[in-house]
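Here's a solo chain for you in structure tokens, the form predicted alone.
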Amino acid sequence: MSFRYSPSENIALLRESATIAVSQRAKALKAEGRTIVDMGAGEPDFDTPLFIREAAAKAMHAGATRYTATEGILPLREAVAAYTRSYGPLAADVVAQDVVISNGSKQSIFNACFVLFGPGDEVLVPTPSWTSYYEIVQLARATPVEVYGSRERDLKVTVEDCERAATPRTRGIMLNSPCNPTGAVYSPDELRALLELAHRRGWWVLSDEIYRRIAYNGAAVSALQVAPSRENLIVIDGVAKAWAMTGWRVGWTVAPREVTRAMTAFQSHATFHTAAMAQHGAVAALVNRDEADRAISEMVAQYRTRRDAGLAVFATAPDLPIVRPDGAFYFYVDVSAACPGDPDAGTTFAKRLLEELGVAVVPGVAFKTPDWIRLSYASPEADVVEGVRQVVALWSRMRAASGSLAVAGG
């Protein structure tokens, strides 16, 4: 008997991560000898601060190589709880028992979606959003509902936008500020209004705050600083972005106790726990506040310099629409004018940009906005300037060519 693989219903709607696909294509071109400016992956290009690496190495040599508790080692959960309590009065009662450590914030989001949502449930996803939100909600057998914000508000959503998209089946909302892919940051009042709506309507809130420390007008506000209550709130964070610890795979949730117990039970049958030495490195990252704050401030200052250098190049093409990023490390650019009539202008533009000019970016279709592209400026300043320069140059050429064709056709 011959066997042929047929995907199960669990993954029937699953798509490959577009950001990973871009990164793989860029690496393949580099292997062929091409010079590639990679502005695709959202990964800090800085080394993890030395004091964190040294702490992890010390723990490893001291024997931190065995299984840990499913929910994470107690010192790390206590460090996360203490870090969270600094947010203010609403977080004052957070303790280690409210924390689950996972293999990166992506697993934290998956854990939360899997224990909170299921068939028949709808989850509002402000769009554009990180590509995995939609896939994770679907893997939980729930339905992601795209909620679009206006260009005038830097694509951020409002209470009115969410109310229009809500139905009796709405059970939750995904929030992310600073936003991936736009770099937009919700103000305290904007975030408070969304959290009050969710509390009033009985929705769970998943607040992904992985970029919170990477902001250019002071730290972005946490949901825990403006929410009316913690009873429907799951805060997701981790050390990947701000501490430049992407490969360490340490993320966490702070959630109501019954949700924490459910996520711990689920994780015990999935990945069990995060690597022991990585957890000890994360303890150092959170406990050594002064060293960590200095390292993060230095990295954020460099991101700001790169952002400003890129914005200066974008300013040479004032008709090219972009979202001015106040956080994270992304430019989000509308390239539809270069591809009039193309339903997937971002993909068309991104392919030409990579194949012809050697600049890798992520097409906006990954974030449910196919007219756009995302550029990461977590790269050396010279690469950022060169990448943006090539984007502007290609957009100008393609727009001019499309205009010429329109005239000729007319």
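Just so it is clear, the structure is predicted and the values come from calculations on it, not from any experiment. The first residue of the sequence shown is number 1, and the count goes up from there.
Keep in mind that the form predicted together with ligand GLU is missing from the display, and what follows is about it.
Ligand GLU in the predicted complex comes within 4.5 Å of no heavy atom belonging to residue 261.
The shortest heavy atom separation between residue 241 and ligand GLU in the predicted complex is within 4.5 Å. The closest non-hydrogen atom of residue 332 lies beyond 4.5 Å of ligand GLU in the predicted complex.
Contact check for residue 17: a non-hydrogen atom falls within 4.5 Å of ligand GLU in the predicted complex. With the partner removed from view, the residue among 274, 111, 180, 253 that has a non-hydrogen atom within 4.5 Å of ligand GLU in the predicted complex turns out to be 180. Contact annotation: of the candidates 304, 141, 85, 106, the single residue with a non-hydrogen atom within 4.5 angstroms of ligand GLU in the predicted complex is 106. The stretch from 41 to 49, 343 to 351, 62 to 70, 378 to 386 that comes within 4.5 Å of ligand GLU in the predicted complex, counting heavy atoms only, is 41 to 49. Looking at 119 to 139, the one residue that comes within 4.5 Å of ligand GLU in the predicted complex, counting any heavy atom, is 130.
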